[in-house]
Each structure stands twice: as structure tokens, then as C-alpha cells.
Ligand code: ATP
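Next up: a single chain in C-alpha cells, the form predicted alone.
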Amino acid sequence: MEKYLLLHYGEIGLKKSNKDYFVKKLQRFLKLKLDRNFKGNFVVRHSLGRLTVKLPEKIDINKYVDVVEKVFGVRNFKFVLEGSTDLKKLAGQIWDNMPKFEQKPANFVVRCKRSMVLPFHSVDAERELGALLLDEGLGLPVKLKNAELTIDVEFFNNHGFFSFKKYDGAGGLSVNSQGKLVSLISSGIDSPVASYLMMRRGARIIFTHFHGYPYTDKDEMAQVKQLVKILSGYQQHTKLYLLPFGQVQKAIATNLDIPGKIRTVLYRRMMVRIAEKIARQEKARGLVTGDSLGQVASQTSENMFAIHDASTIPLFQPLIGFDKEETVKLAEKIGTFEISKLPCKDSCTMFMPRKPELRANVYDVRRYEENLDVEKWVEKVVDEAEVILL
């Protein structure tokens, strides 16, 4: 019997006149991921609100799951076998391909989605297939809600496609459907999660990391590379800028005309300006940060207002209303937490004041910046950037 990967999309289906744009993006990226990971030439077809991919006879399902669950735009997916639309024949095919269970399920249910051209309703098909499977010897009671075994059948294209397990997809919008954004990523927990959330909304993320080397060691950069490598699995053509920022922090920290408590805000404003310059070079449409309101000194509403003042393009902050526990759970889910929790010195803690300003006044901040050659430092850091392609 022919085996297929069958995928359903979610929010993409609500796009009406723009639906084809998102579906084609999804098709192209799914094919790219499958071709690269399994050395094949897969054909991704779109039919009646579904994507189908014909699979080789022998596959490692777990490896396919690892790849497909990282494709944004997919609501759920399953590995199906192509069967008959004749219910009696289909029941026999389902029975012949019933998986071997390590522990026998306590109950079962049949769920059907029918094609409109068939002479029966979905509920009728579920009842008849259930009865036929009991006749075959299934020997399990039916449970309509929360059954331990769900036999899933979809009728379309003159076939009945059946499966025994459904997998959750990543959801969101098709990769690279919303243009480019530049993310300011550190080795911490928050910014990788913020990047992931914007990728999930269809943005292609270009990463920028501000490091303190040679004032810190290279551990921070190594951790960021690992984080970006994980996140690159959700998109294509990933680029990481490693930006030498320690020299900028030192220049600000040693300027006697600038109060120590305002340094953090000035550091952040410089980061924003540098990231904006890269965004303009990359033709990106905004910046992404991992800020959460009130979480640290630089993320009070007053300080964020003063920091955002340095940018002339939009700043996206998807974690702004998250608490730390929510962010940690998501970091664990996407696989970045174990790396982010490793100890290292990062550029954010370099030259940090003991008592940072909590309520910066934007006009005072602008006046302090008159003591700095802002444009010179922006140009210097971007010129000295190391660019890594993943």
C-alpha cells in the first residue's frame, strides 16, 4: 500500500485571497526540508485544504517527525496509508495494518472526514467501520471521547487514507512569508524564544549578537552559535552577525561626563542603532528583542521608551507580557533552554553599573550621547562584524 505524509494547515486557511501565497511558501519549504534531510526529490501536493507527500516504502518515522514538526504553518500531520472508499474493503485494510502495541489500548474510536461525492455521511462511516473492525476481531470497547486508540480516516481523491496517530505541528505562518527582521540575540533564555516566536509568525530572522570579547572569553559566542544553529532548523539561509561591543561599552563606561547609572540605557541604544544599520543593509523591516516589561532594569517602561527612541524602524517584542516561567517553558520546548542556562559572561554584564537607572529621561539620555561619537562607533562595530552563514 502507498504511504503518504498528510498535513493540515491552520491559520493559513483563513487568508482567503492570499491563501495561495502562504500555501506555496509552505509547500516550497516543506519540500526543501524533506529533500535535504532525506536525500530525495519529494513532491508536495495541495488538495482540498491538505498537503500530501508520497513517501518511500521504508522510513524512520521519528526522523520525519523531527523534521516536519519544525515546519511553521502546519497545524498537525500524520503518516497515512492509501486505502479504499469501500468501507468493507477499507476495514480489512485497516485491520491488516493495525500497529503492534507495547501495551494494548483500553478502548478505540473511529474518526472520519468524508468527501462530499461519497454516498455516506462521516458519522455513518465511523459507525460502520467501527462495527466492521469489531467483526474482524479488534476486541476493544468504543469510547467516543479521549479514546486511547483513534483510527483516523480521511476520504478524498477517490481514496480512504487511514492512520493511527496524529502529530502536532508548529502552527503559525509559512516561513519567510512576512519578510526579514533582525534579532538581537544573547546567550540568555529570552531572546532565542523571542526570535522563535517571530519566525513562527512568518519572519525570516537575521541574528545579531553583541559580544564583549576580548574583555570576556569566547564562551558566550560559542553558546550563541549553538542557539542560532537550533533556531536555523525553522528557516532557511540563516545569517549571524557577531558584533564586537566591548570596546563601545568601555568607551561609555570610562567617559567621566556620563553618569554611571545611565550606562545600561546607553549601551542598549547603541545596540539598537547598530542593529538598525544591519537591518537597512539586509533590507529588513524591523528589530526583535527579548524584552519583558519590568523584568530587569533596562526593561522598565521608562527605560524602554528611552531605548526605543534610538531606533527609526519598528521594534518587535513578543515576550513583552510574558513572565519568566512562560518563557522558560517555551525555551524547553524548542530546545534552547539547556544551552541558555549554562553560565557565561556576556556583554550585557560588562561594565554594568551597581545601581542602574530605572526611569531614564530621554532628553537627558540624548544630552549624554553628545559626549560620544555615536556614528563612528556604529560604523566601526558593523565594519568589524564577523558574519556566519548557517
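A quick note: this is a predicted structure, and the numbers were derived from the prediction, not measured. A residue's number is simply how far along the shown sequence it sits, counting from 1.
Below: the form predicted together with the named molecule, not depicted.
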Q | the named molecule in the predicted complex: contacted by all of L184, S191 and T208, heavy atom 4.5 Å | A | yes
Q. Does R273 reach the named molecule in the predicted complex if we count a contact as any heavy atom within 4.5 Å?
A. no
Q. How about S298: is it within 4.5 Å of the named molecule in the predicted complex, going by heavy atoms?
A. yes
(Q) I'd like to know if K324 sits close to the named molecule in the predicted complex, meaning any non-hydrogen atom pair within 4.5 angstroms. (A) yes
Q) Does the named molecule get within 4.5 angstroms of any non-hydrogen atom of G160 in the predicted complex? A) no
Q.
Within 4.5 Å, heavy atoms only, which of R268, R204, R114, K239 is in contact with the named molecule in the predicted complex?
A. R268
Q) Pick from 283-291, 98-106, 161-169, 124-132: which stretch has non-hydrogen atoms within 4.5 Å of the named molecule in the predicted complex? A) 283-291
